[in-house]
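One chain is shown next in structure tokens, namely the form predicted on its own.
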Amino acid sequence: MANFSEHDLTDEVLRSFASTPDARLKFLIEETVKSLHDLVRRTGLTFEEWNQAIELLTRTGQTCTPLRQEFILLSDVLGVSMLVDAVNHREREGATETTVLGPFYVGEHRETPHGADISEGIDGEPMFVRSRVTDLAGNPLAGAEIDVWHADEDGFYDSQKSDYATHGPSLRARFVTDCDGRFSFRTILPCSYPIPTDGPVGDLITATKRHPMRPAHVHFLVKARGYEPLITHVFLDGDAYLRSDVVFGVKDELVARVEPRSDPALPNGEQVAGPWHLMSYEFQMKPGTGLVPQPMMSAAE
């Protein structure tokens, strides 16, 4: 008759998975079991604490909808998303640094002409983005696809808004580089913003006295044939939260100076009244292959 103690229960659980046919799955399950059991023993976890953990995970799942991915948010604030990113991109070899995908990539960006305004109808200070995609030697990569998305001046992404299904995307688009590897677009100046705090992740942040803020940034997903897909942000220099990003996504190389300008016309020739901002950034791609991430939300996100 079985009578497992805290010292031999782990071995018995591991034996129960011994026939798992997929070697990688077997390894991951075993390591997860060992880590969880070790956590319980080291901390002397109580029934109440374990129930609280189960409640947090339950509420996290219940909060997920076609428009919201609370599990990604939980992974982000625990630093797990950035850790997974780090171990999968250990050797950059001079290529642009990576960072988290985030929960607001929808994977359905429309191809847009260079210089187009992706912020039409959205309030905010004008910003023009001028960029280039190259290989590690600085040679231009023509035909590269770049998905771009960012929040508005109130810190909300289009997919967080109630009218997203009827009005469609804004502050997001796809561009294809020209023969010199260049692309450009008009948008608005992004600002620092809080992650959603009206769910279980927000409760965790509040209980631990952490702030919920992300520094201002623009997301980029760059794809070029023969190169690893690049998932990254470009952050605005001078933001107050660059050293305390709630999801730990900032890297020094990804911080760009955004230049205040007063010229009467943008680089695309469009006339503009009042001040505007110019962001310039160059992406260096690493040779190789890789899967383009798929959004964890439905196409309606």
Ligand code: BEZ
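Counting begins at 1, following the sequence as shown. Computed from a predicted model, the values in this text were never measured in an experiment.
One more form of this protein exists, namely the form predicted together with the named molecule; it is left out here, but the text below deals with it.
- This chain lacks the partner; the member of I146, L141, V100, M127 within 4.5 angstroms of the named molecule in the predicted bound form by a non-hydrogen atom is V100.
- The contact with the named molecule in the predicted bound form, taken as any heavy atom within 4.5 Å, belongs to Y157 out of Y227, Y157, F185, F220.
- Interface residue remark: V133 is not counted as part of the site for the named molecule in the predicted bound form, having no heavy atom within 4.5 Å.
- In the predicted bound form, V247 approaches the named molecule with a heavy atom inside 4.5 Å.
- In the predicted bound form, the named molecule lies within 4.5 Å of some heavy atom of D76.
- Of the heavy atoms in V106, none are within 4.5 Å of the named molecule in the predicted bound form.
- Screening 211-219, 114-122, 174-182, 83-91 for residues having heavy atoms within 4.5 Å of the named molecule in the predicted bound form returns a single hit, 211-219.
- In the predicted bound form, the residues of 188-205 lying within 4.5 Å of the named molecule by at least one heavy atom are, in order, Y193, I195.
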